[in-house]
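There is one chain below, alone, in C-alpha cells, taken in the form predicted alone.
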C-alpha cells in the first residue's frame, strides 16, 4: 500500500484502514501480532507518532488488544467489526446521496420504494 499524502484522509486513518484491510483479507488473523508503530513508521516512512495514532484508532474501535510489553494483537471478532463498520459507512454515504437526489427530483417515498423493490427483484434473478 502506498499512502496518499494528498488525500483529505489523515495518514493515521489510512494506516488504520490498511491494517483493517489486512485483517479482512486474512493476512492478519485472530491473535496475530500486528505491526508496531516503529515497524509501520519504517514501512511507510512516517513519524512513529502518526503510526501510533493509527494503532490507537484500532484499539479504540475494539479491533486489536494490547499485551503489555508484547504489542498489539488481532481480536477474535475484529473482522466482523471492520466489515460492519465499513458497510455502515458506505451505506450512509450512498443513502445520503440518494436522499439528496430524491428530494431534488421530488420523488415520493412510494415511488422510491417501488424502484428499490424492482431493482432488488432484478438482482435476485
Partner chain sequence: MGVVTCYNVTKMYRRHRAINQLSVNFKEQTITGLIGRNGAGKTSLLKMIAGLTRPTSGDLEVFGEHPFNSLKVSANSIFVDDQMVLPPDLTVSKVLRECQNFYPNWDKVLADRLINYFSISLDVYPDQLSKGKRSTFHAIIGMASRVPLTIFDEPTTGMDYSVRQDFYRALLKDYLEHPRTVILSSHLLNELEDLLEEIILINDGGLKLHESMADLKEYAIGLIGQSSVIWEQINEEQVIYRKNMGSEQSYIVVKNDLSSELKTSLHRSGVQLKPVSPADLCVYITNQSKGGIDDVFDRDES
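Residue numbers count along the first chain shown, from 1. Since the structure is predicted, the reported quantities are computational estimates derived from the model, not experimental observations.
Only in words, not in the display: the form predicted in complex with its partner chain, which the text now covers.
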Touches its partner chain in the predicted complex: residue 67 (any heavy atom, 4.5 Å): no
Heavy atom of residue 27 within 4.5 Å of its partner chain in the predicted complex: no
Distance check, residue 47 to its partner chain in the predicted complex, heavy atom within 4.5 Å: yes
Residue 124 within 4.5 Å of its partner chain in the predicted complex, heavy atoms: no
Residue among 63, 34, 55, 41 with a heavy atom within 4.5 Å of its partner chain in the predicted complex: 41
Interface residues of 10-25 toward its partner chain, as seen in the predicted complex [heavy atoms, 4.5 Å]: 10, 11, 12
